[in-house]
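This document opens with one chain alone, in structure tokens, the form predicted on its own.
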């Protein structure tokens, strides 16, 4: 009996010990949703090691997919560029998209390219996985690539001061804490007085409920004149406190501005004029035994240079042909499949069209649960293709469509 009791206690203890959260569940969303929502690229952090009070800049570009699932609200409704970190470990200092300050929500249109930059100030020491995030109304967060950032120093040294429009310098970490504590305790005391008064009028809860049920229409007789006087007194006290608080705040803070809730309209970056490679998907298959994504593409190269396909990105996983472009993983967790891309039929000559066959093969298909796409009721994929010329020029094209699973 004792050994069973010991085993039960150990099981409870093991369940009570929380696992460390090393990332933000990039693999939790369905593969089709990750592929067809937002294409993030050129994502980078200015530094991976800093101290409290130092800043780090998360920057890059993204394209909302033209293959966005129809059953999900799109980013052209209401969306907000956010940052994904585990708790209040950083303070957002600045956020911009296409050069426009992003303190409010906006609309992002499918197929458009957006360049962003988010400046964060380190607040709490630790090691954190930092992601850009696009929060879409009625859809939720769409998570971009993540980077591990290590913060040293002491949180006691953290400073978060700003200068107001009236010229006053305030510490946002402690500003208004006295008022918050005073009013919280005051309203708690009012509620406690009301609760204690009724607590003394035994019996309460179930016995009183039964008594009310027995009396029926005469239940109001339970309320005594003293009860009515106490209720009226507390009502008067409550209204007086509300009125006093209003006029005190008006006198203490005569200059105020309301919270801003308008939509910011972003200037567009027109990259269509620079795009000189057109791609049509002729066939798309996922070969399950070999963990191989196979694409047959018709490519029209309208540029004056020969181009080669060097990078295929799906759901933040980059499949790279190292003979075309050398992309080094930022760290051991960066989703780069070096050597995971194989192309038959390239390069595409200047001013010509060609059919090429593309193979994206790597264990990351399984590791990041992208193979679950074959079980979706709508087996459609979305991907970004990057073509490179010999002089380093790059052209990117989004592709998407139905995908056929191959079981043999």
Partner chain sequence: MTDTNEAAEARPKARSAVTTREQQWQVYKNIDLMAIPLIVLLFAGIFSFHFALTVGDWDYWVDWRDRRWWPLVTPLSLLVLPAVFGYLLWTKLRLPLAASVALLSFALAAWVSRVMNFEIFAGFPLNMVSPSTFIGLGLILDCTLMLTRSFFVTGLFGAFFFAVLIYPINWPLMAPFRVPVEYNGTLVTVADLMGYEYVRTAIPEYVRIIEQSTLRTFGEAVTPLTAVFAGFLAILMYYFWTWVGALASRAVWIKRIF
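Residue numbers count along the first chain shown, from 1. Superpose the two forms; the largest set of C-alphas matching within 1.5 Å is the rigid core. A quick note: this is a predicted structure, and the numbers were derived from the prediction, not measured.
The same protein also exists as the form predicted together with its partner chain; that form is not shown, yet it is the one meant from here on.
Residue 135 within 4.5 Å of its partner chain in the model of the complex, heavy atoms: Judged by the heavy-atom cut-off of 4.5 Å, residue 135 is in contact with its partner chain in the model of the complex.
Its partner chain contact at residue 174 in the model of the complex, heavy atom, 4.5 Å: Output for residue 174 is yes: heavy atoms within 4.5 Å of its partner chain.
Contact label in the model of the complex: residue 259 to its partner chain, heavy atom within 4.5 Å: Result yes; residue 259 sits at the interface with its partner chain in the model of the complex.
Any non-hydrogen atom of residue 152 within 4.5 angstroms of its partner chain in the model of the complex: So residue 152 does not count as contacting its partner chain.
Interface residue in the model of the complex among 305, 92, 110, 291, criterion: non-hydrogen atom within 4.5 angstroms of its partner chain: It is 92.
Selected contact from 157, 331, 326, 220, since only one has a non-hydrogen atom within 4.5 angstroms of its partner chain in the model of the complex: Only one listed residue qualifies here, and that residue is 220.
Site check 84, 87 and 190: each within 4.5 Å of its partner chain in the model of the complex by heavy atom: All three within 4.5 Å in the model of the complex.
Which of 293-301, 274-282, 315-323, 235-243 sits within 4.5 Å of its partner chain in the model of the complex, heavy atom basis: Contact criterion met by 235-243 only.
Residue shift check between the shown form and the other one, rigid core fit, residue 194 Cα at least 2 Å: Yes, residue 194 moves 2 Å or more.
Core-superposed C-alpha of residue 227 shifting 2 Å or more between the shown form and the other one: Yes; that C-alpha moves by at least 2 Å between the shown form and the other one.
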